[in-house]
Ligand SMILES: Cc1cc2nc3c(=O)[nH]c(=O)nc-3n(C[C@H](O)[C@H](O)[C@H](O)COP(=O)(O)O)c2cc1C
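The chain below stands alone and is given in structure tokens; this is the form predicted alone.
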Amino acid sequence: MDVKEAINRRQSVRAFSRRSLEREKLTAVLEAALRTPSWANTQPWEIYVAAGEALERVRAAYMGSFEQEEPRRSDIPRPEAWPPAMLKRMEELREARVKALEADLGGEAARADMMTLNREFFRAPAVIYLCMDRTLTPWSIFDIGMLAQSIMLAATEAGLGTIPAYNLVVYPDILHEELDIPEELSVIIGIAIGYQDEDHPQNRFRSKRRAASEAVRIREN
């Protein structure tokens, strides 16, 4: 598999199978991804993986927080507003996903399935949490983003599915406690990883991307 094929094959997997994730395969993915570049080779990332009983404790604690409607308080605040063009793309994605699911599950069932899987961490057997020192700036978050992409592409090559999701980091206090993440680290993003459920209708949906002619500006003179 070459790089272009991995980029095109990668998709956000929203339903994972019950198949367990081999530790050696997970380790190989992370080892490959650690070749990611960073500012002056600072390698600002610290990586924590929740799997097995630890992940089940995190999942259960999150479900309790969701049920109590506790405010979401991620270490990196989410945007309070989106520019109109981005908001439009988000709305189009949501509508397209629901429409695609309705064909298989029906209207209300489609929305319920989306919410349930999201809250259950998509039933993934493992979640990779990328963290960095709280004193660092968005420049280091840029490095974390590159690491996340490396992880997802390496996972694709290994036959694994992934999804980076904000919902995985909305209760960082739980993550710090259950995964022994030091308080001086911010939890930046979580990436669910495992084997894709090939039969689930959520995984048959593919979102659209803007063409280069729309997103790229090349100035030569």
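These figures come from a predicted structure and were not determined experimentally. So that there is no doubt, residue numbering starts at 1 and follows the sequence shown.
Below, we refer to the form predicted in complex with the ligand, which is not included among the displayed structures.
- Across the options 22-30, 42-50, 162-170, 59-67, residues that bring heavy atoms within 4.5 Å of the ligand in the model of the complex belong to 162-170.
- This chain is displayed alone, yet in the model of the complex one of 74, 118, 150, 140 has a heavy atom within 4.5 Å of the ligand; that residue is 118.
- Think of it this way: in the model of the complex, the ligand has a heavy atom of just one of 154, 189, 179, 185 within 4.5 Å, and the residue is 189.
- Mapping the unseen interface onto this chain, residue 17 falls outside it, with no heavy atom inside 4.5 Å of the ligand in the model of the complex.
- Under a 4.5 angstroms non-hydrogen atom cutoff, the ligand in the model of the complex lacks residue 200 among its neighbouring residues.
- Although the partner is absent from this view, residue 87 stays clear of the ligand in the model of the complex, with no non-hydrogen atom inside 4.5 angstroms.
- Contact annotation: residue 100 falls outside 4.5 Å of the ligand in the model of the complex, judged by heavy atom distances.
- Residues of 1-15 lying near the ligand in the model of the complex, listed in sequence order, are 10, 11, 12, 14, the criterion being any heavy atom within 4.5 Å.
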